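Take a look at this single chain in structure tokens; it is the form predicted on its own.
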Amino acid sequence: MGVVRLGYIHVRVTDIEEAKKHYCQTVGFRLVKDEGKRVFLKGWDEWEHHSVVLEEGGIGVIKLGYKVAKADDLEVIEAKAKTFGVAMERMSAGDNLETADGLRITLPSTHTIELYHNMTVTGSDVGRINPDVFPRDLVGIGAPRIDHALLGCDNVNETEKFLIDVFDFYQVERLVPDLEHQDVSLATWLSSGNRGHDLALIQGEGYSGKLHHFAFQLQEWSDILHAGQIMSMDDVPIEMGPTQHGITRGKTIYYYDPSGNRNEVFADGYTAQRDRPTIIWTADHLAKGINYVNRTLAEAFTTVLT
């Protein structure tokens, strides 16, 4: 039983045409379907119909979709979620474009999470029979896929417990006030498999329901540098990087889309394991955890969410 991976993220943007240009020409995602005020995108190495949905009408996250291994997992998760008393409903096939039926849950953090077991397979750009290692027509950064999201919470411990108990996530790393209060999570990095994190949470007053960032996966340091070069060419506002995290050890750049939603390109990191002890970071070392190379952290990084 359990969640396999992040399948899609649905966010608001202020100008759909500017957003399309950014995510297609700079990030390098493919336009799958254009409904005017809402568009569906995917990376070149993603095989399902879409992974990013952009909808005109503000900023911030509308919902995230996580794929489960099989249809029966939805019933198991539904039963577990009932014990938390969260809002929950079944969704029908077609409620989301090219997506099977599933389960819609409101987390304790008030974010909407949709669980689904199947989406139309359209194939990657390199196919699955004797494929090449990348397509010849990469655009901009050429990001192959989405990676993870970081959400805001008023109470990380509450939502963290839900995700561990109900979704079968496990905790890879956590930020605590100090070593005397290791049971208090100020931030947490959770995984469903062997990734450093599939979903992370950060705590702050009024943060519930908000998005800190969502990330695109790259492969290595040279890809991160190339991404920074493309962002410079396209005048993309960069908040941090290129640098490396102490937390997860990933190489990174944080930047903003034209609407003000924070994005990240993320590469490398380590292989997570369920039986590995959780890595602890104390609040006085957060700058090193986020920006390992320079060990500095602007206040906006932890206070600006959409």
Partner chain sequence: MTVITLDGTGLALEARPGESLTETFRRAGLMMRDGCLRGGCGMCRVRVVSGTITLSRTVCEQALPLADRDQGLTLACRAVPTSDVTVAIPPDGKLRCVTPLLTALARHQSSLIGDVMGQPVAIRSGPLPELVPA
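Not measured: the values here are computed from a predicted model. Positions refer to the first chain, counted from 1.
The discussion below concerns the form predicted together with its partner chain, not included here.
Taking heavy atoms only, is D235 within 4.5 angstroms of its partner chain in the predicted bound form? Close contact exists here: in the predicted bound form, D235 approaches its partner chain to within 4.5 Å, heavy atoms only.
Should L305 be classed as touching its partner chain in the predicted bound form when contacts are defined as heavy atoms within 4.5 Å? Answer yes; at least one heavy atom of L305 falls within 4.5 Å of its partner chain in the predicted bound form.
Would G43 count as a contact of its partner chain in the predicted bound form, using a 4.5 angstroms cut-off between non-hydrogen atoms? Contact check for G43: no, nothing within 4.5 Å of its partner chain in the predicted bound form.
With a cut-off of 4.5 Å between heavy atoms, is L31 one of the residues that contacts its partner chain in the predicted bound form? Output for L31 is no: heavy atoms all beyond 4.5 Å of its partner chain.
Using a 4.5 Å cut-off on any heavy atom, which residues of 33 to 60 would contact its partner chain in the predicted bound form? Contacting residues: G58, I59.
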